[in-house]
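Taken one at a time, structure 1 and structure 2 that follow are two forms of one protein chain, written as structure tokens.
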Structure 1
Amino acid sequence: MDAILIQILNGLDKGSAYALIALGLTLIFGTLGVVNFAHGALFMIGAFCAVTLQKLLTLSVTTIDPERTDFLGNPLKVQTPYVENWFGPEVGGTIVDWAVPLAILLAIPVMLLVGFVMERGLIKHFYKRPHADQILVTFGLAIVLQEIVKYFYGANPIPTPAPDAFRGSLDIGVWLGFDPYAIIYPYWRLVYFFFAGVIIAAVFAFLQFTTFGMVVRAGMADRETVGLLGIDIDRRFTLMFGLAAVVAGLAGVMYTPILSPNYHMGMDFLVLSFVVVVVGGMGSLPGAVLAGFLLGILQSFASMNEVKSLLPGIDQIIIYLVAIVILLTRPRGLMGRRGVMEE
């Protein structure tokens, strides 16, 4: 039983990343009708926002520590981060330690800017083009972005640790009535799951309860009618592209302690997230979230040693097998709308 619960937790953790990326993909497709293969690159850029802030906060100056000496008895020269010099060892050390959560403040404006530049500079020219053209141009953009990141940050993964307060593990088994240490789970993975839940709830609340969101939902259902009412729906959809970029970026920021950022991480998540979108139903926001968590849990169970001993390699293909079965039985996906990509 404890092994099953651990796999469910692993699935929810992985499914959180799938759901966040798929949510942004669906926002873009549902509003602009664009199949954005550069969306995984936005996830990667968000992750490297955390890397960048960590590097900036750990920039150091050489100082002399009179209380410490070298083997000759001379005062020892030490590297001290600038923030510790400016704010003191305690406050400065806390700022450095919390670099990943603080990177959210950097990622939001950066991702908004990147999203607006992408949409206004390139993607708007492909609104009325075939989906194949959209895929080719955004896939090419993704490759360009990842090569830029590779040039500046290198090809190797860059460890980006979580704050000290969340580096341990939590004994969840005791809460659920199991023996102590029966179910141990890392704090940060739980943090990521709850963070994803907050972001998803915030996006749905924004679309459901704000005037802006209601206009966007109306535009997703019938763009021409909304335009005839004198509403600049194109401008609102551009803002939604920026929002989708922020969602992907924040997903990347908070995932860095789980997976050390590297230049191809966006492409790794992109393919699986597109499968999630298709399974959930093109243009369906609830479907994208539901499929993200379901496929994450299925992939987690498929990665168990007992399962892999019976079906070697099943963990690598389970998502695609499920996608095939669902699309054969429900061609529009779990919650897809009639007429979406059916022409």
Structure 2
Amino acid sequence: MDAILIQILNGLDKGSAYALIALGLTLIFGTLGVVNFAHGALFMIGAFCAVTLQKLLTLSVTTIDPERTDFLGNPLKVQTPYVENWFGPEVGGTIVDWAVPLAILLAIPVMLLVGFVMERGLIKHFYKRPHADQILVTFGLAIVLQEIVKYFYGANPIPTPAPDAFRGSLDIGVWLGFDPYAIIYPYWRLVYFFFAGVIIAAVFAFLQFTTFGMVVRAGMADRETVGLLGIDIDRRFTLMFGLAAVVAGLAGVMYTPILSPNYHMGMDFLVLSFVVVVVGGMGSLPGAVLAGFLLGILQSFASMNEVKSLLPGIDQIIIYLVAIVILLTRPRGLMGRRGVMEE
């Protein structure tokens, strides 16, 4: 029982990342009808927002402390971040420590901007072109974004730790009446899961309970009619693209303590997120979320030793296998709507 619980928990954080990226992908697909291969790059840019903020906050001034000496006997050079100089060591240290969550504030405007520029500058011209062209041009864009990041940040992963308060693990098992240390789960992954939940809920609430969201949903169902009613649907869809970019970016920001960001992390997640979207059903938001968590949990079950000894290699292929089976038996995906992307 506890082994099963552990696997479910392990699947949650990966599943949350899949769900968040897939949510943005399917949002873009459902509104604009564009297959965005650069979405993984947006996730990566988000992660590098966190890296950037961390680097900015730890920009240091070097002072010489004459009273202390280093091991060679020279006066000790002390590096103090500017932030600590301004706000005092106590507050400054906390700010540096909380760089990753703070990066959310940086990521939101950055991702909105990136999203708008991308949509207005490039994607807009591809609405009428075939899906293959959209895939190709966004694939090229992904390469370009990835290489730009690589140029500025190098090819190596950059560690970005979580705040001190969230290091270490939580003994969930004790709460549920298991032995101590039976189910241990890192705090940050729990945070990530709740964060993903909040974002997903916010996106759904936005679409469900605001007038803006209602118009967008109407546009997703029948763009032409909404246009005929005198509503400028294009502008709203552009905003949705920006929103999808923000969701992907925030997913990236919060994922940095779990996986040190490197320039190709976006591509690694993109392939899986596409599979998630297709399994969930193209253009279906709940489907994307459901499929994201489902596949994340399935993957962590498949990597259990018991399963692996039964079916060697299953952990490597489970997601693709599920995708193939679903595509062949339920072509619309788990929750796909009728008439979306059917040839």
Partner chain sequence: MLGLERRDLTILIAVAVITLFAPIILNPFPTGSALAQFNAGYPDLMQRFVIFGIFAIGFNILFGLTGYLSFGHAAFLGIGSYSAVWMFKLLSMNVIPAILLSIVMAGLFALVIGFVSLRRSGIYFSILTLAFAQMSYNLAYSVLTPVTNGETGLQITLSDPRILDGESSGLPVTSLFGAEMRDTTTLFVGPWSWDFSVGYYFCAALMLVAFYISVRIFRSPFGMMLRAVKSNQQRMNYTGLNSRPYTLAAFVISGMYAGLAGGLLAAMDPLAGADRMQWTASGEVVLMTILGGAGTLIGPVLGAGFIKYFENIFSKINDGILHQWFAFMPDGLENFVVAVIHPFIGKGWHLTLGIMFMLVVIFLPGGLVEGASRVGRVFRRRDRKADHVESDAARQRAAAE
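For residue numbers, the reference is structure 1: its sequence is counted from 1. Each form is matched to the other, and the largest set of C-alpha atoms that superpose within 1.5 Å is called the rigid core. Predicted, not measured: the structure shown is a model, and the values here were computed from it.
Looking at both structures, it is structure 1 that matches the form predicted on its own. After superposing the rigid core, the Cα of K55 is displaced by less than 2 Å between structure 1 and structure 2. Superposing the two forms on their core, we find that the Cα atom of S309 is displaced by 2.8 Å between structure 1 and structure 2.
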